[in-house]
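Two separate entries follow, structure 1 and structure 2, each one form of the same protein chain as structure tokens.
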Structure 1
């Protein structure tokens, strides 16, 4: 059952979403007639076992992959009707992406990697540079680090550059796919702190994860099973060392068979 949040606006509404692949004569259903609302300003996490359709759902919501059926209304506009070039413009204007592996151009400085994306908006260069500097400050990467290239930094630092790059164009939604999956515990905590900080400032985030520590950061967890929503858990605002929050999440994941 879908949770009703009268006080919040749905930034994404999904109706009857289908995604399937054909291998020979066999059709494999990944997303099966799924309905979903994603609310503006929420930190929404998608969980589920391998093959449940988590990343497939996220890619459909962001316009990176086309569904086989159904509708996706993003800020009131049906993106399933867009042509490929319209989808590219839509993503550039509305979506930021953070993946497990951050692909940075090694011959460019970290700052230039971000600015290359930022300049695509057509905004004044000075404004883009100022925003990049502010975002680097927010993720605690000093000026000396911004001049380095990707071979000179740690995985945690690269992931924080990825977050800056995802935010540079002021996206309506940031999509993140296992962003801490390749990081050690300390780097993972630092990256999650950045996500929590930008969420507190009003950024809508949709994240796929297998990690319970990451899931604790969410307002809302959606659990997928066999391409459908099997359950959801509302955790509310994140607070560190919140015993009740941890208990609630553990109980929910146990009920989901996680």
Structure 2
């Protein structure tokens, strides 16, 4: 297994990543000299206790935030050297992001929230709209809801819109920060199925979760602690929830002290 993983091509390579925040006079190191490869086509899950720096790492990888030190190579190119607008174009082209707090644009409909991203690439409008409708269907968001304004919907509905928005441009890498946090089990399954489907079609997924059931979908689980990769677990390709997979995950998490 270990061997097989190595054959995969790394889409993101992180070297000596450093991220610290200075709050007043104290400097708090969140990510400390972290090295990591994310493989193309992988469903990678990041776990760790609250405040471990999972979101911070995701923002760094997706070019939302600049690290304090170290290098992040995306497809071989160092994105830490990009200028602001280059980073914007980079995000537009390569990354889809489901935020932990979702962050929809107010004052416009859910559909427009998605299209605001979708129309950025210059693709034919009709194709984008069609794909948006398909994705909405897949995450079980009813047609009338799509016309609603982002301030008129429930947390779970918002989360699904966030997911559609992240997927609309078929990004190379989909980042998802606890995308199922606000969903009940039925909807959660539907959403995860969408991710799995996207994964099957070859897109890479990096997801943060606190939920074991969600974690089971991963090819690979990375555990973050004290600003470093504390351990990782390879589960292999997901078919269904089998006992073996569950046992392996439980054992790993126990080792990690979760």
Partner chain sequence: MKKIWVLAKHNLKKEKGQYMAFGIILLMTALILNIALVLLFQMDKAYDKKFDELDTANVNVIVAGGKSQPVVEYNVNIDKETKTTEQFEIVEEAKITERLDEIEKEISQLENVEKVEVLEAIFLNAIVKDFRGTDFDMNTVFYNMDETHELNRLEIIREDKTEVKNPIYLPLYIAEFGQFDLGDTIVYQIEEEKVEFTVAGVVQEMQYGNLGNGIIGVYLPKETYTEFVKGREMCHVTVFSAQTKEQADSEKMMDSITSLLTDADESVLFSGYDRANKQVRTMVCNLLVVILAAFAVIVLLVSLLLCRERIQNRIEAEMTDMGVLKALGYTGNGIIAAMMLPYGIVGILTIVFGIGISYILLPVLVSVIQLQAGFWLTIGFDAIGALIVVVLLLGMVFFFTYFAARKIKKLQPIWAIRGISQGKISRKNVFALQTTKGNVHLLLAGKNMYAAARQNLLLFLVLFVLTILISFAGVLFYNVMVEPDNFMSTLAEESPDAVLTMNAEDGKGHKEVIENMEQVSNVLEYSIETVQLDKEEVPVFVCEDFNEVTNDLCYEGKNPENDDEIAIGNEIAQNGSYEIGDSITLTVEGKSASYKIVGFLQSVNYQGKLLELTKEGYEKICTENPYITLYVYLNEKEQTESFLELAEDNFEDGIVTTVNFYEKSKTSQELYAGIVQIVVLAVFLLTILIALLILFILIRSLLVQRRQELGIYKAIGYSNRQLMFQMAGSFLPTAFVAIFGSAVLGKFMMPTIYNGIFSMIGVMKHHCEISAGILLLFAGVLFVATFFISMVLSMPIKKISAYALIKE
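In this text, rigid core is short for the largest set of C-alphas that superpose within 1.5 Å between two forms. Residue numbers count along the first chain shown, from 1. Model, not experiment: these values are computed from the prediction.
Each structure shows the same chain on its own, and structure 1 is the form predicted alone. Rotation of the smaller rigid segment with respect to the larger between structure 1 and structure 2, from C-alpha superposition: 17°. Taking the core as reference, the Cα of residue 152 moves 8.2 angstrom between structure 1 and structure 2. Core superposition places the C-alpha of residue 130 4.8 Å apart between structure 1 and structure 2.
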